[in-house]
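This document opens with one chain alone, in structure tokens, the form predicted on its own.
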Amino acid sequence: MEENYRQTKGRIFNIQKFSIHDGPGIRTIVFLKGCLLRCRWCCNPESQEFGIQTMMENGKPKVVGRDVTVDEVMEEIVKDMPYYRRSGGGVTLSGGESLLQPEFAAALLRACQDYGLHTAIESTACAKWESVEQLLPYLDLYLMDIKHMDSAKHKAFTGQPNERILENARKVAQSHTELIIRTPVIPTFNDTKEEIAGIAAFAKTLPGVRQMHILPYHRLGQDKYTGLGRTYEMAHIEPPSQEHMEELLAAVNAAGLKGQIGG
């Protein structure tokens, strides 16, 4: 990576501060634009298109997406250095899918590590291995979404098959980067004990993987679809009960992993 890497440009749509999810401690989450998947339940539909969009929010148009340099993002990140240091926190890249902007993502992670910050990405791993590999030298934690073991069902609900995702999971595990598997629990898609146990069994085969997080479905992003002029296909789906999530958690633990509800 060139010495002027901090001038690398990328496209983001949000910087969220003081997060206590998506990695340890207090974190800043940088949301990148663009994703190959079209998950029916996606709570950030404005992240899917790489292009800059206009979304209606509270009756007013809002521009979604802006082009920035690594330096410009770091100006925001470093303002909260005391919080990262006291809590063991850092920076997480999310989206969208940060692997679709590998040069920018790698440069931003490198800049964070230059400041001694813990780095993480929240990612589907639906990208070329070369893109994943580009980020690994600057990555402390990979939070990888594994949504289903059945490729046909995965494609029906997300628009993409799962073979590349599973292969990338194996390669990341072999790289010795800390890897935590996360699964959104979506009724009608993957919310049976058998389906969650299948993902957990796969996760257990990955070297070094000890944790699996199951994330209950919610409808918090539903209004964004209206704002984008899109139909939210999951409006009729109710979130899983706490009791059911506990049953799925037991299936994760039974596979020999440390399960957790939520991120």
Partner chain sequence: MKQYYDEPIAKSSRIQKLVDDLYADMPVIEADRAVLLTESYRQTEAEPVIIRRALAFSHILKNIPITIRDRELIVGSATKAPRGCQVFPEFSFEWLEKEFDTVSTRSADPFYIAEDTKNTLHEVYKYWKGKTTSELALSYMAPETITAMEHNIFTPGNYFYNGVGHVTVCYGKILECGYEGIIAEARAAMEQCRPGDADYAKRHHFLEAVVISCEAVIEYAQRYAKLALDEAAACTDETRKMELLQIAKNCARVPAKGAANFYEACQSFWFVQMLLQVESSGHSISPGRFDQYMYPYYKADMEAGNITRESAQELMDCIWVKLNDLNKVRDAASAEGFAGYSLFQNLIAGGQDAEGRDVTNDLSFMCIEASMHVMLPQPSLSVRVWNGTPQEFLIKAAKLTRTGVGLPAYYNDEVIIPALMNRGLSQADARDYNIIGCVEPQKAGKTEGWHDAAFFNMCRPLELVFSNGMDKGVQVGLQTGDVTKMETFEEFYDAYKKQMEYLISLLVNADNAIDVSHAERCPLPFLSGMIEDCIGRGRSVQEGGAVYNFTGPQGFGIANMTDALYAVKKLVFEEKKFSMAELKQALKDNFGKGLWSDTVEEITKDVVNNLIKMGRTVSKEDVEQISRTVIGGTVTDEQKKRYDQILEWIEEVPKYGNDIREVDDFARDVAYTYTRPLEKFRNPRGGQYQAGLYPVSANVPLGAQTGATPDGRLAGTPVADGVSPASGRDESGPTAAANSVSRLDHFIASNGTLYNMKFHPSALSGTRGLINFTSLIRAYFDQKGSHMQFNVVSRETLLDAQQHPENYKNLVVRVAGYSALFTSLSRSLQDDIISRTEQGFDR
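Residue numbers count along the first chain shown, from 1. These numbers come from a predicted model, not from an experiment.
If you look for the form predicted together with the partner chain, you will not find it shown, but the lines that follow are about it.
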Proximity to the partner chain in the predicted bound form (heavy atom, within 4.5 Å), stretch among 103-111, 183-191, 82-90, 166-174: 82-90
Proximity to the partner chain in the predicted bound form, single hit among 201, 36, 237, 26 (heavy atom within 4.5 Å): 26
Contact flag, residue 17 vs the partner chain in the predicted bound form, heavy atom cut 4.5 Å: yes
Residue 259: touches the partner chain in the predicted bound form, heavy atom cutoff 4.5 angstroms: no
Residue 145 within 4.5 Å of the partner chain in the predicted bound form, heavy atoms: no
Any non-hydrogen atom of residue 21 within 4.5 angstroms of the partner chain in the predicted bound form: yes
In the predicted bound form, residues of 110-137 near the partner chain [heavy atom within 4.5 Å]: 122
